[in-house]
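Just one chain is shown here, as structure tokens, and it is the form predicted alone.
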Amino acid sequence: MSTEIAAGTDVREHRILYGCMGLGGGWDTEPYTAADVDTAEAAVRAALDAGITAFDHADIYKHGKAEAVFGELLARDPQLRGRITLQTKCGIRVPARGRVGLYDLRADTIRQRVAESLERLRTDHVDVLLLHRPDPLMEPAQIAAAFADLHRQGLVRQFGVSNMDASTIGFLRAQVSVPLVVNQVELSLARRELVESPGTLEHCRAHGIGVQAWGPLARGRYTGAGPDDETTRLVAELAERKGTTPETIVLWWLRRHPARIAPVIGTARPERIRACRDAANAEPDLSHDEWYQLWISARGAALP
């Protein structure tokens, strides 16, 4: 049964997001094509069919082409914007014309990047803006000013961060007046560091900050694209026992954590997106013991 979540809803209520990094053609500056738009449309329709209504972007994805292609879809279907939650990120500047790649969270840069994203996405606001990476030179007062301006103008409804640890989030929260509602981090059965080193997840839970996991399927490592190892076999066994897909089991492992981690799936293949349907539409059906079985198997060693 679909439990589709209305647009504009608090992003923390979404069980899964669709990550749009794979849309828009190649990682180059060549223009996207009509075929790229069709590929994006097929992926977005598959996500909607699976009950996924939150879409994650960043200004740098495919050098802006991911947002631009998505904007084409919103123009094709004017009703679509009202059905979805739209999230984007800023703060990374890619190398160009002799300039090194760097992080930039200055106030004017944030405002400019949001304006450019809105133009590419062909919308008057985004529901969520995340700071993509921590900038060692960042001044929280500048970030606070940019966030306040964007919120007051109705250009951004909610704010968060990405790839930040507990201390950095706390540093920002001390000066930013709008709530930070989410932290997006790399997390999966293959990348378990945040589970195995307490701190960041617990900080997020304590302060009502939702956690989103990028790379949650670990490039298919446990669902057919990796070695036929013990964990892959365990995932398949659990999927068969519960009448679902291996992708769902891997995503349920994240959802079962008390932080209620929301995976951000990034495949552009409609069949793999639809394989995540149960994870988007049902609470995780993993027992305490089954969750630990998966963890220990992926670790490759017993717990200390």
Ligand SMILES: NC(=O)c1ccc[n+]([C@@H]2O[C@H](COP(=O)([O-])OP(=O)(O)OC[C@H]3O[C@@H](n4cnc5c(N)ncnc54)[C@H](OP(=O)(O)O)[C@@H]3O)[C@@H](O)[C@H]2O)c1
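Note that the structure is predicted; figures quoted are calculated from it, not measured. Numbering starts at 1 and follows the sequence shown.
Another form exists, predicted in complex with the ligand; not displayed. Remarks below refer to it.
Participant: Contact check in the predicted bound form: Asn163, Gly224 and Arg269 versus the ligand, with a cutoff of 4.5 Å between any heavy atoms. Do all three pass?
Facilitator: So, yes: the whole triplet contacts the ligand.
Participant: So in the predicted bound form, is the ligand close enough to Leu294 to count as touching (4.5 Å, heavy atoms)?
Facilitator: Heavy-atom contact with the ligand at 4.5 Å: absent for Leu294.
Participant: Would Leu217 show up as a contact with the ligand in the predicted bound form if we use heavy atoms at 4.5 Å?
Facilitator: Within the cut-off, so yes.
Participant: May I ask you to check whether Ser117 falls inside a 4.5 Å heavy atom distance of the ligand in the predicted bound form?
Facilitator: Result no; Ser117 lies far from the ligand in the predicted bound form.
Participant: So, Leu286 and the ligand: in the predicted bound form, are they within 4.5 Å at any heavy atom pair?
Facilitator: Result no; Leu286 lies far from the ligand in the predicted bound form.
Participant: Of these, Thr231, Gln184, Thr200, Thr85, which has a heavy atom no more than 4.5 Å from the ligand in the predicted bound form?
Facilitator: By the 4.5 Å heavy-atom cutoff, the listed residue in contact is Gln184.
Participant: Heavy atom within 4.5 Å of the ligand in the predicted bound form: which of Val264, Ala275, Ala43, Ile249 fits that? Just give me the one.
Facilitator: Contact check passes for Val264.
Participant: Choose one stretch from 43 to 51, 56 to 64, 30 to 38, 237 to 245: the one whose residues place a heavy atom within 4.5 angstroms of the ligand in the predicted bound form.
Facilitator: Going by heavy atoms within 4.5 Å, the stretch is 56 to 64.
Participant: May I ask you to list the residues of 127 to 154 that have any heavy atom within 4.5 angstroms of the ligand in the predicted bound form, in sequence order?
Facilitator: Sequence-ordered list: His132, Arg133.
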